[in-house]
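Starting off, we have a lone chain in the form predicted on its own, written out as C-alpha cells.
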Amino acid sequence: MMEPMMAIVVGLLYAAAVYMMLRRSIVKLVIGLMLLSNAANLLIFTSAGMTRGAPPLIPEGAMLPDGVVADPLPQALILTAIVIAFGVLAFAVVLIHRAYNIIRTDNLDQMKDTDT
C-alpha cells in the first residue's frame, strides 16, 4: 500500500532532479545532483520492501529470526550512500564558491567561455 506512493515520490524526485540539472546555473546543477542521490536512496529503500515494526534483529540464542524482519542490507547501503553524497556535496559547494569568486557568475555558458 505504501510502495505505490513511494514510487510516485521517487519518480517526482527523478523528474525534478533532471529538470534542475538541465538548467544553466551550476547551483541548480548541484541541487539536481542532490535530488538525484535522494531519489536513488528512496528507490533502493522501496525496492527492498517496506516492513513496518519489524526490526532487523535476531533474538539472542536463535539461529533465525522469528517472523517477518526488515532487511538490513538496503539500510546499510543507503546510510553509506548518504555519507558519500554529503561528502561530494560539501566538495561541490567549495568548488562552486571558489569558481564564483574567480569568475563572478554561476552561469555554465559563461563559465565555459573562460576556458582557453
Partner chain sequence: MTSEVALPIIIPLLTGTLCVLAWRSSMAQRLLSLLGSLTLLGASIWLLTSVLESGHVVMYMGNWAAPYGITLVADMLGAIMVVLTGMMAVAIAVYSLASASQAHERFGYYPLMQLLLAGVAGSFLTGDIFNLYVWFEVMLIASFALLILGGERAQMEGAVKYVTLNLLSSAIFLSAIGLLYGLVGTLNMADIAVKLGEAEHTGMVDVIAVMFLIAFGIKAAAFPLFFWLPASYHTGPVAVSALFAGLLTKVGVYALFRVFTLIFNENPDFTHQLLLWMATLTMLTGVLGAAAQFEFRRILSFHIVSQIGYMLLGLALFTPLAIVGGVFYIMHHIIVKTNLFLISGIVHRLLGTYDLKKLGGIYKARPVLSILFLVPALSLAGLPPLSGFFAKFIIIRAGIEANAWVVTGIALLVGLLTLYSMIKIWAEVFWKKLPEGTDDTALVHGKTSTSLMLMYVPVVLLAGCTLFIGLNGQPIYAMAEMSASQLLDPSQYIEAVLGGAQ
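Computed from a prediction, not measured in an experiment: that's the story for all the values here. Numbering follows the first chain given and starts at 1.
FYI, the form predicted together with the partner chain isn't displayed, but the following is about it.
With the partner omitted here, the residue from Ala81, Met50, Ala54, Val27 that has a non-hydrogen atom within 4.5 angstroms of the partner chain in the predicted bound form is Ala81.
Although the partner is absent here, Val69 lies well away from the partner chain in the predicted bound form, with no heavy atom inside 4.5 Å. Contact annotation: Ala16 falls outside 4.5 Å of the partner chain in the predicted bound form, judged by heavy atom distances. By the criterion of a heavy atom within 4.5 Å, Met111 is counted among the residues contacting the partner chain in the predicted bound form.
Leu12 falls outside the set of residues with a heavy atom inside 4.5 Å of the partner chain in the predicted bound form. Of the residues in 29-63, those that come within 4.5 Å of the partner chain in the predicted bound form through at least one heavy atom are, in sequence order, Leu29, Leu33, Leu36, Ala40, Asn41, Leu43, Ile44, Ser47, Ala48.
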